[in-house]
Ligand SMILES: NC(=O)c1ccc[n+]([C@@H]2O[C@H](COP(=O)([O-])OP(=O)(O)OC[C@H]3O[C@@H](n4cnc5c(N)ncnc54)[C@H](O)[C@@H]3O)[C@@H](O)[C@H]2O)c1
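Let's start with one chain on its own, the form predicted alone, as structure tokens.
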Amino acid sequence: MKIALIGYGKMGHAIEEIAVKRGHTIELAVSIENVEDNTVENIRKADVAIEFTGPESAFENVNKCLEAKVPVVCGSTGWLDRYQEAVWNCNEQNGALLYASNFSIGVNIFFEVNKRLAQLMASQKEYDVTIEEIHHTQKRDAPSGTAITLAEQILEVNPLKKQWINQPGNNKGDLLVISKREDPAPGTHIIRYQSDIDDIEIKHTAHNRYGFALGAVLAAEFIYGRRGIFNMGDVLGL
């Protein structure tokens, strides 16, 4: 495949390394140094686009790919207030969009473990649940998109929690998501259920960016030639 990389920072370079090893070519690589190359015409030269930029530019980039009729894999977080618009645009263009808050295979398995544990704990009123996420200091959004996904999975089945918050409060109906920014820290997510008797904890720790990068390339291979809205569960058959 010919791949357009929209976002060519550390993650983009890791994606390029894995993509080339898997026999793909990089048709376009857009960084802050050559944003003028981020055009519909240039994106059209690729078979699939992988978008890893930031919350301020993700929506516009996704729409450029859809306009170019190029399937797009998006890993930017912090822009989901406009995700439904992107879905609508994708359907209007008869395009393909695959969004994930985290492309790591391990994290997506962790999502499934979190959902199952949340179901088991939903009726255990003596336990309180919190989420903690730790990332490097260059990460701009807090909480992480992964932490938000984990929180929403818990909120879906836990009748005692009504919303997630990112700062400590006094409402027992709030699910606290603690965000820490430390270097070096590719990404750690911890779910804790605590009671006076015992604690239950599940944890995922990334050691480097390559798990995320591999997942993004697998997603690109999956979405190539397809039409519709997808996620990493579709890629991994979860």
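All residue numbers refer to positions in the sequence shown, first residue = 1. Quantities reported herein were computed from a predicted structural model and do not represent experimental measurements.
Only in words, not in the display: the form predicted together with the named molecule, which the text now covers.
J.: What is the one choice in S179, N63, N42, S57 with a heavy atom within 4.5 Å of the named molecule in the predicted complex?
T.: After the contact test, the surviving option is S57.
J.: Among 90-98, 119-127, 136-144, 152-160, mark the stretch whose residues have heavy atoms within 4.5 Å of the named molecule in the predicted complex.
T.: Residues of 136-144 come within 4.5 Å of the partner.
J.: Is A49 a contact residue for the named molecule in the predicted complex, using a 4.5 Å heavy atom cut-off?
T.: The answer is no: A49 has no heavy atom within 4.5 Å of the named molecule.
J.: With the cut-off set at 4.5 Å between non-hydrogen atoms, does R22 touch the named molecule in the predicted complex?
T.: No, R22 is distant from the partner.
J.: Does the named molecule get within 4.5 angstroms of any non-hydrogen atom of F111 in the predicted complex?
T.: F111 lies outside the contact set for the named molecule.
J.: Any of the heavy atoms of V70 lying within 4.5 Å of the named molecule in the predicted complex?
T.: Flag for V70 set to no.
J.: With the partner left out here, which residues of 60-79 have a non-hydrogen atom within 4.5 Å of the named molecule in the predicted complex?
T.: Sequence-ordered list: N61, G75, S76, T77.
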